[in-house]
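Only one chain comes next, encoded as structure tokens, the form predicted on its own.
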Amino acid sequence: MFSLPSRRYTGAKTKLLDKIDSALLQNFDYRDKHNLSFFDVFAGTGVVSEYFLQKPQFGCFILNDFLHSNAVIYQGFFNQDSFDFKKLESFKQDFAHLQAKDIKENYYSKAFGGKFFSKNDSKIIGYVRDRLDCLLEQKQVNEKEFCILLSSLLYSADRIANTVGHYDAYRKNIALQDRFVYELIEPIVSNAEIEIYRQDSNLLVKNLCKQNRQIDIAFIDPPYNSRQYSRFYHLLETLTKNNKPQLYGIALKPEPENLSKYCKVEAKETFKDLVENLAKICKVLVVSYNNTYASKSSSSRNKIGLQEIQKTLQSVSKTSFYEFDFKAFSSGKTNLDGHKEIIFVGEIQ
């Protein structure tokens, strides 16, 4: 079964969890507190929330991300609605016995066969995806079961995709083997209250302000350079929505949509707006930042500089700064030797 971190994702914080916790504890010792709330503003893989979910001091979580695929994955892993595991195992067995020769060509085999997946694997992936919609429409599965099954398909497909970890391109001149195996994810069981959103983070925070919500800790890890995540993971987005769009270019991407302001020229102002509004409802802001703004690759250069992050946080909080050596993601075109991951902790005054 797939655990939450067992996927490839640019900027994933899996290897930094202890350091994030250590930096937080030096400024906000939560160990003697109870029923704390945690807001994962740009949740990404969701591993930061999963980490703090295991700590008994935390009783309320808000996860948000603008990707459709990430939101479905949160529903599959974190949503605590009931589901029938034996039923899900039965569907898994059905999918395991599928033979590509018995499946007609479909959108996914025509679009991605021989590129991101083998022809046979893409036929099976496409068949399973359409089957999941039928199961939901015919009420053979509930919403939670559907999200588990769809998350499982996303993880299973991503594991064998012919990429370097994102879908900006596929590797050429490779003889693709049939490797697809449908495996289930392992949903997380928790007594905590968990809210899941797929919204623009700045708008969500403004809505939470209107509700006068009180949050103990907000973790902020926005995209910092021009690499749009909705473009990086366009295939998983298409697989999630199953909208079968027209595709363009070598990377077979749909028309641009769901683009983040944090990857554009307005990133600085957008970040400042976010922090100022979070400061109205939060006690502690934790910001993860990396130093790729010195990169030779224009697409990897950060839209917000280190000093700008620090200045923005210092305008609303007592800010501490922690620096760690960290091996950053690179598609091979960028030399990131000496890369640092930086954790800011701001205590709201």
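One rule holds for the numbers: they count along the sequence shown, beginning at 1. Since we're looking at a predicted model, the values are computed, not measured.
We do not show the form predicted in complex with a small molecule, though everything after this point is about it.
Colleague: Does each of Met1, Phe2 and Asp178 have at least one heavy atom within 4.5 Å of the small molecule in the predicted complex?
Modeller: Checking in the predicted complex: none of Met1, Phe2 and Asp178 is within 4.5 Å of the small molecule.
Colleague: At 4.5 Å between heavy atoms, only one of the stretches 66-74, 278-286, 53-61, 312-320 reaches the small molecule in the predicted complex; which one is it?
Modeller: The contacting stretch is 66-74.
Colleague: With the partner left out of view, is Phe117 within 4.5 angstroms of the small molecule in the predicted complex by any non-hydrogen atom?
Modeller: Heavy-atom contact with the small molecule at 4.5 Å: absent for Phe117.
Colleague: With heavy atoms only and a cut-off of 4.5 Å, decide whether Val47 touches the small molecule in the predicted complex.
Modeller: Val47: contacts the small molecule in the predicted complex.
Colleague: Whether Ser260 contacts the small molecule in the predicted complex should be assessed with a 4.5 Å heavy atom distance threshold; does it?
Modeller: Result yes; Ser260 sits at the interface with the small molecule in the predicted complex.
Colleague: Is Phe219 close enough to the small molecule in the predicted complex to count, meaning some heavy atom within 4.5 Å?
Modeller: Residue-level check for Phe219: yes, a contact with the small molecule.
Colleague: Given that the small molecule is left out here, which of Asn242, Gln199, Ser190, Asn207 has a heavy atom within 4.5 Å of it in the predicted complex?
Modeller: Result of the distance check: Gln199.
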